[in-house]
Ligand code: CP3
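Listed next as structure tokens is one chain, alone, in the form predicted alone.
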Amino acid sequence: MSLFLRALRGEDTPRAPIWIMRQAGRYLSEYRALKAEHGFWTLARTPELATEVTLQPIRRFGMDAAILFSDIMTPLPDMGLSLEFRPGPVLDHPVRTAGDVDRLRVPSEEEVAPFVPDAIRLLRRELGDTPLIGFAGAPLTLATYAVQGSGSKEYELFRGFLRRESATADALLEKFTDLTINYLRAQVAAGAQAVQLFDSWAGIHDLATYQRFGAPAAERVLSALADTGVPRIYIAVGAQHLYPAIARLPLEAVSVDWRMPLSACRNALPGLTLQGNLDPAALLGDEASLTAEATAVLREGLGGPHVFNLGHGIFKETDPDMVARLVDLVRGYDRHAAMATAAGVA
């Protein structure tokens, strides 16, 4: 079994496996060339092109895991929502009323974004021993975009919607939950060896609101994958205040951002593999500062299973040479030797 999957299953591995969120994308010249020719949405919906983009960072850096090139919004058109990327996701007809929710259809496993399982099957043939991560947006985050209509700093329309139209919000979240279950199960059936549920905007809510709307939907999605046997990763950015609820979700790993040391996260999320948590901005500094920050993360990750990653997606301004340095540093860090040294000092 790969180092990545061993760590997700709770093994305190000799070194931390590494992959980087948004590792297939805009900071790579080879990706920018393809995007200039085809456009993002065509890349994501064409299995051969999505496969090529997914493989680019594996070829260049030899990451310990690949993540499917796609977008969390990908399955929404199959529900009847009009989606465009300008350049971020935009819904010209947001979901704001009970009637809007009633009109949404929930596609079956076979119907939802069929080009995604096709890409996964292609990738499994190409990746060899490198495991492949499938992913989806969590229901709360999908609802955030669907109601707001596009990206936002505060998502005030959605936050007001939850309070003003709670019954309609429940109905919307139920449909997105069914969609997400079908979408992830289709990915696993096609060959995804782990899944990550992105609850990107859960952190904008207080704990009570998250427990009322977000956690039940996430729990149902994750529970529906239990029989597949694949490790389940959950990420919510800026969500340390939600850890009491996240710790109770049925999952194997939590991806954490850079705002709290891994040692503190381990206390808040006992028994789980931690993934993270280098600040993406560390890759914009110099080699010395990157080494210092990454080494600090590696030290904080000792004492339990750890998958090295960024706390959120890589910045498009990142120099790929800095990524190569980071990968080399993580691969050269012997966690067991570091633990033995720390124990001897103590």
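Here the structure is a predicted model, which means the values were calculated and not measured. All residue numbers refer to positions in the sequence shown, first residue = 1.
A second form of this protein, the form predicted together with the ligand, is not displayed here; the remarks below concern that form.
Here is the short version: of 87, 128, 99, 80, the single residue with a heavy atom within 4.5 Å of the ligand in the predicted complex is 87. Checking 282, 297, 67, 63 against the ligand in the predicted complex, a heavy atom within 4.5 Å turns up for just one residue: 67. Stretch-level contact check against the ligand in the predicted complex with heavy atoms at 4.5 Å: of 250-258, 88-96, 209-217, 224-232, the positive one is 88-96. Although the partner is absent here, residue 22 sits close enough that one of its heavy atoms falls within 4.5 Å of the ligand in the predicted complex. Heavy atoms of residue 198 reach within 4.5 Å of the ligand in the predicted complex, making it an interface residue.
Put simply, residue 38 is far from the ligand in the predicted complex: not one heavy atom of it is within 4.5 Å. When contacts are judged by a 4.5 Å heavy atom cut-off, residue 243 does not count as touching the ligand in the predicted complex. Contacts of stretch 114-152 with the ligand in the predicted complex, defined by any heavy atom lying within 4.5 Å, are made by 135, 145, listed in sequence order.
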